[in-house]
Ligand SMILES: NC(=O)c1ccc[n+]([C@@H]2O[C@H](COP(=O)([O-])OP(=O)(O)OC[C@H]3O[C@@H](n4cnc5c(N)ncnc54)[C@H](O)[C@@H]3O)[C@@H](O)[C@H]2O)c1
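As structure tokens, one chain now follows by itself in the form predicted on its own.
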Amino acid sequence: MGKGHKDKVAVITGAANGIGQAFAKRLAEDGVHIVIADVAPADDTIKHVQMAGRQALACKCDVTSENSVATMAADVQKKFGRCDILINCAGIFPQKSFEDMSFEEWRRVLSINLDSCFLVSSALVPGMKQRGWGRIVNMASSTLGSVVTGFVHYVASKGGIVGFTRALASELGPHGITVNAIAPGLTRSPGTLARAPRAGLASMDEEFAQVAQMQAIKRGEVPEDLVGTVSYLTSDDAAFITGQTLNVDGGRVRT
């Protein structure tokens, strides 16, 4: 069990599956009660949380809608009375060349990936400030430090998250709230497996193999590779770490 985790309450966006679900499972094992904020059904995540002996609440939440986020925050307050930990994990990563990209496609990625961090944090930070304790973890991407094409909107949104993390950490530090980001590499999840591989590659398996050869640790990344980092950053042991972005990508980005 993580230090200081017992009976804390975590809101995790995008936790119905993939990386968000892996975070929910690990934090539940650490002793944290879990709120799943997602538009997708969360029955599987709820089952895992309850098997770990923790309470689970699924909120059907559109993280791009201020009203939907406000409703979710009210539901969290009603059931648990607080949110101690926020993991902004919801995100999409469609592939499209810049010249073929419409403004609507640009705005959709920025809205889901970046605007959601603002909306959900805005709804939950006041309670953290009132209690003088909080942990916020945002999901960035190691694509910021590597060569990647076809994802201008995605990389721009993740760059915004890094800036958002640094700036918000400065404002919330005096209130006992830390704000950090995790930057994964290409991670084997339902979302990545569902999309087409990059141009010139026959399959996503081939893309994973190609990326693995660029890493210091030469195997594909899976959601479980990220859970120890989120457990640490949300614990009491990380009380003096804030405004940081940690690459967890097998050493693809080495700076």
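The numbering used is simple: start at 1 and walk along the sequence shown. These figures come from a predicted structure and were not determined experimentally.
Note that the form predicted together with the named molecule isn't included here; everything after this is about it.
J.: Please determine, with the chain shown alone, which of 172-180, 77-85, 135-143, 97-105 has non-hydrogen atoms within 4.5 Å of the named molecule in the predicted bound form.
T.: Only one stretch passes the 4.5 Å heavy-atom test: 135-143.
J.: With the partner left out of view, is Pro190 within 4.5 angstroms of the named molecule in the predicted bound form by any non-hydrogen atom?
T.: Flag for Pro190 set to yes.
J.: Would you please decide whether Val230 lies within 4.5 angstroms of the named molecule in the predicted bound form, comparing each non-hydrogen atom pair?
T.: Val230 lies outside the contact set for the named molecule.
J.: Is there a non-hydrogen atom of Ala16 within 4.5 angstroms of a non-hydrogen atom of the named molecule in the predicted bound form?
T.: Contact check for Ala16: yes, within 4.5 Å of the named molecule in the predicted bound form.
J.: Report yes if any heavy atom of Ile112 sits within 4.5 Å of a heavy atom of the named molecule in the predicted bound form; otherwise report no.
T.: Within the cut-off, so yes.
J.: Can you tell me which residues in 82-112 come within 4.5 angstroms of the named molecule in the predicted bound form, by heavy atoms?
T.: Contacting residues: Cys89, Ala90, Gly91, Ile92, Phe93, Ile112.
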